[in-house]
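We begin with a single chain expressed as structure tokens, specifically the form predicted on its own.
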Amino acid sequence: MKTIGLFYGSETGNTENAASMIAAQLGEGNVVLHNISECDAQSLLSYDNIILGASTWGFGELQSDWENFLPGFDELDLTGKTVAFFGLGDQVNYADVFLDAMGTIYEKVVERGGQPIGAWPADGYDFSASTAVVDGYFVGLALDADNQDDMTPDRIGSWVAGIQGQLQ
């Protein structure tokens, strides 16, 4: 398996913690972690396998580092890149915009030619709307550190096991 670039933005540390758990599951030697506040979108082109992690803020907005990072995707050709997503959100207090940031990033990756992997069942969550749901599945791993943090390790383990065979 080729090296995986795992890019995340984190305000409170929850997304960073999830990124570290995902990297550990994939094997530390296989993953290079990138805090997007310290790099630019061109960095993605160094990898054939990319994992993007973001939390949703406010009423469906991108985390602040992603607001600066995502416009750089307009210059990228992600054709031939395998891209997985994970998102964090609060399904109780923001049920109508749960994981919308992940949906926004997914749409941009698809627009730029990336090949998405890692869809995740929407079962087991209590939300009313999400732009991160396509055909009844989340476009990537759905995590809720506020209300279901105890489920995070098992969800990460299952998701990583599911995507490993799809990574190049």
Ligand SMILES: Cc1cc2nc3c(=O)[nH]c(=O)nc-3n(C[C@H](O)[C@H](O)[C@H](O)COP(=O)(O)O)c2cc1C
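The numbering used is simple: start at 1 and walk along the sequence shown. Predicted, not measured: the structure shown is a model, and the values here were computed from it.
Keep in mind that the form predicted in complex with the ligand is not shown, yet the notes after this line are about it.
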Residue (of 136, 124, 29, 58) lying close to the ligand in the predicted complex, criterion heavy atoms within 4.5 Å: 58
Within 4.5 angstroms, counting heavy atoms, which one of the listed stretches 44 to 52, 95 to 103, 31 to 39, 112 to 120 is next to the ligand in the predicted complex? 95 to 103
Can residue 153 be called a contact residue for the ligand in the predicted complex at 4.5 Å between heavy atoms? no
Should residue 158 be counted as a contact of the ligand in the predicted complex, where contact means heavy atoms within 4.5 Å? no
Flag residue 88 as yes or no: does it have a non-hydrogen atom within 4.5 angstroms of any non-hydrogen atom of the ligand in the predicted complex? yes
Do residue 21 and the ligand share at least one heavy atom pair within 4.5 Å in the predicted complex? no
Judged by heavy atom distances of 4.5 Å or less, which residues of 125 to 148 approach the ligand in the predicted complex? 145, 146
